[in-house]
Each structure stands twice: as C-alpha cells, then as structure tokens.
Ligand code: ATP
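The chain below stands alone and is given in structure tokens; this is the form predicted on its own.
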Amino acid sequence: MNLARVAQRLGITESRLQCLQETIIRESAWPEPRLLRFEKESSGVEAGTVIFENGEIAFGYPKIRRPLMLAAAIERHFSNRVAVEEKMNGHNVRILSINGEIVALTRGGFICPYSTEVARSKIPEEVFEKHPQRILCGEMVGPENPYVASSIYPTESIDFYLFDLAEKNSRTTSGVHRTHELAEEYGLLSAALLGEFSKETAAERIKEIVIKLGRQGREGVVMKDPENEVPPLKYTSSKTNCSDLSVAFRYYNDYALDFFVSRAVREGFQSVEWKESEEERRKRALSLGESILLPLVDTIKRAQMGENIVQKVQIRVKNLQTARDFEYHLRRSGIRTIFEPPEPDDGGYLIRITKLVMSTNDKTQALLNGEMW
C-alpha cells in the first residue's frame, strides 16, 4: 500500500497516518479483502472510513444532523429550495466493488457477510462495470433485518433502498436528483422523494408529511439541498421517538443515556413548535409515558419469572457459509447470539437468531435481588 498516496487522499500527512495506525485505525483481515478502518473520527476523517489493501478509500458516511425547531433550522440552513426524502428505518450500508467483487460496509467500516450477500442479489453487476468508482449509500430494511427488523416495508425479507451516491477516494456525493436518476436507470429501489418545496413553505409541508408518515408507522424525513450545496438534515415523527424508546427501555441497560434523553427532548420541542393544544399535549405525554413504562415493566416481570431477556430476529440466506460468517461477524462486534439449526426454505435457508441481552439481564436480576442502583 502506498502510504503517501493514501495520506494525500485522506487529507493528512503520512506521519499522521502512521501515528493513527497505532491508535484508532484497526486492521481487518476477514472477510476479504483486507482493510484498515477508522474506529473513531480523527483528523477530519470520519469514523467508519475504510482503506482497502489496494489503496482505495471508502470514506465513512457522515452523520446527519437533526434540528429540534424545524422552521428555524430550515431558515438558517438552506439557501433556497428543500428536497424531502423518506428516512428509512433499517441499517446503513455502503456498497461498492473491490477487485471485481461487491461488498457491503457497515457504518462502522466492517464488511458484513449477510449484507454483502443481500447486496450481490439486489445490485446489478453492470452498475459497477460502468461505474467502478461508485459507492452506493443506502439502507437495508425489512422484517429479516437482523439489526433493525421492520415489517412496514413491502418486502417479506429484506431490501436495499438507495439514498445517496459517493465515489471512492472522495468525500463528495452526487446529490438527490442524480441518485434517483441512477436508481431509475438500473431498476434500484430508492428512498421515496416526497417533494421539493420553497424554503418559505417547507416547514409546514414537512410537518404534514411527518404526521402522515408517523400514522403509517414510518420513521420521518431527510431534507436535502437539491443542488447539494449544504449537508442534509433529518427529522422524525413522534411515533418513531416513542417506538425507539419502547425498544430501548425493554433493554434499558444496553443503551447509552443520551439515547433516552435525546428522544424525550425532541418530543418537547416538537410539541412547542407545533403549538399543540392541551389535549394534544396530554395525548403525546401519554404515548411517551407508555413507551417508557410498559416495556420496562414487561422486562422486569419476565426477569422476575426467571426468563432471559432476549431479542429474536431471523435472516434468509442462499449459502449456509453466509450464516456461519455472519455469526462470527456478530461475535467480533460484541453481540452474543444463539443461531438455531437452519431451515431449508425456497432454495435457501431460514436462520432464526436469538440475541442475548446480557447487560440488561444481569442488571435486572441484581436489582431484583436487592442491589442498589
């Protein structure tokens, strides 16, 4: 690997790159191809950035910021018009071709064996034959998503939805219109483009969209500058905030404190900006309280009866080796699981997975036995 060239592409000095290799850059030799990944953001390089053995770089997909006061943020952030896409509820992947093989990178920069098998079945090879430098940024969604299972999308298993285009060795992205043009050209699914609005009317129109999406159990929206001049912003529905909290309080000791606080704070700001009536606010408060208390009580009662607190998910694979590799991938990510024997299904295999939520299990049992908080 030519370190000088890699450092130049990263925008840092060669000596700084060598220093980072001793601190936050981690090597991964499995699955192939070999790569280096940035475990954390440093020197202006995003976490999840990957340097492949051939010297090509896939920069980490930047985190999208979130406004709490929608109208004020739109006025401050955007210069003219606002394009609005649906925010998909799944796991973020970057799909690219390395040495002629399609691979799917997680947000953290790992090659996920399961996501890679899905990508190879969903993405036509001609995309990368014609555009070898292209990186497809998108979301894997569906009920057989082992990270974030969701049954609201029109698939019985899992699908890939494109929401952005990037290039190897570059931080730039192609923007909303080029993304949808490429999706249409190659028959790819893409995040729904819900409209393009003037800056002056965008906040009210987005509010209407978010309320409608919330009623459908969908997550929210991503707001983009049509000319790609400023970074995108995201905004979610109250239904999503409560749904997130419901999952988090079921496994309360396995989530960071900020996860809980940020979603509760979003509810307060949204209620104020939308000028809710006392009745509307009480309804919101009831939904928020139920999303906190009910799953937490259920977890405590299950532990009290001697049950293990677990998450059950499933995947469908064409090759059993993919399942074995995915089991190892979860283990190296610190996730303890039990994979049940494969069930032959329509030319492939259905794999049922039990994810062990050890921290919440241990903490709940200790508290039930009289330990202090």
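Since the model is a prediction, treat every value here as computed from it, not as a measurement. Numbering starts at 1 and follows the sequence shown.
The same protein also has a form predicted in complex with the ligand, omitted here; what follows describes it.
Is every one of E144, T322 and Y349 in contact with the ligand in the predicted bound form, taking contact as a heavy atom within 4.5 Å?
Answer is no for this spot.
Quick one: from K168, K234, H77, R281, grab the residue that has a heavy atom within 4.5 Å of the ligand in the predicted bound form.
Exactly one listed residue reaches within 4.5 Å, namely K234.
With the ligand left out of view, choose which of S243, S271, S174, N92 has a non-hydrogen atom within 4.5 angstroms of it in the predicted bound form.
Exactly one residue meets the criterion: N92.
Specify the contacting stretch among 35 to 43, 330 to 338, 48 to 56, 63 to 71, defined as having any heavy atom within 4.5 Å of the ligand in the predicted bound form.
Looking at the partner contacts, the answer comes out as 63 to 71.
Going by a heavy atom distance of 4.5 Å, is M88 a contact of the ligand in the predicted bound form?
Flag for M88 set to yes.
Determine whether any heavy atom of A119 comes within 4.5 Å of a heavy atom of the ligand in the predicted bound form, and answer yes or no.
It does not: once the ligand is placed as it appears in the predicted bound form, A119 has no heavy atom within 4.5 Å of it.
Taking any heavy atom pair closer than or equal to 4.5 Å as contact, tell me whether R107 reaches the ligand in the predicted bound form.
Yes, contact at 4.5 Å.
If you check in the predicted bound form, is E139 within 4.5 Å of the ligand, heavy atoms only?
Close contact exists here: in the predicted bound form, E139 approaches the ligand to within 4.5 Å, heavy atoms only.
Using a 4.5 Å cut-off on heavy atoms, which residues of 212 to 230 contact the ligand in the predicted bound form?
E219, V222, K224 sit within 4.5 Å of the partner.
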